[in-house]
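The chain that follows stands alone, in the form predicted on its own, written as C-alpha cells.
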C-alpha cells in the first residue's frame, strides 16, 4: 500500500523485511567475526580483546575513560581484558602529561601486528561486499548503520558530504 501523502511504498517496513534484516545482521556478524575469532583463540583471547585492540589501534593515546565510553562495559570487565593485553605486551599504558590520573593507551609493535591481522580480514570482507553492492548501496548501508546506533554515538561518524545528512 502506498502512503498517499509521500508516494513512498513502505513495503520495506513489513515485519518479514524487518525480521530478515535482523537475521541478516546475525549471519553477517557471525561470518564477519569468524576469522578474527580463530586468530584470537590462538592467543587465548576473545572478542572483548579484539574490541580493545581495534579501538586502541584506531585511536592511539586514547584514555581508559574514552575506551569505557565506546565499549560500554564495566571497569572490572575492561580491567581484566586490558590487564591481560598489557601483561602480554600488546598494549602499553602511560600517564597523561596534563592529568597524571589519566592512563593513555597505545598498541605495541606486537599489538599493531595483531590488529593488522584481525582488521585485514575484515577489511577484505567489507571491500568485497562494497564492490558487489556499489557506491549507492554503500552509502545506504552507512545510513542504516547510523540509524541503528544510539544518538549519542552518531557524532563519532561525521557526514561525508557536509551539505548532506
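Here the structure is a predicted model, which is why all the values come from computation and not from measurement. Positions refer to the first chain, counted from 1.
Not pictured, yet referred to below: the form predicted in complex with a further copy of the same chain.
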Proximity of residue 30 to a further copy of the same chain in the model of the complex, heavy atoms at 4.5 Å: yes
Would residue 108 count as touching a further copy of the same chain in the model of the complex under a 4.5 Å heavy atom rule? no
Please run the contact check for residue 103 against a further copy of the same chain in the model of the complex: heavy atoms, 4.5 angstroms, yes or no? no
Flag residue 122 as yes or no: does it have a non-hydrogen atom within 4.5 angstroms of any non-hydrogen atom of a further copy of the same chain in the model of the complex? yes
Which residues within 134-159 place at least one heavy atom within 4.5 Å of a further copy of the same chain in the model of the complex? 136, 137, 138, 140, 141, 142, 143, 144, 145, 146, 147, 148, 149, 150, 153, 154, 156, 157, 158
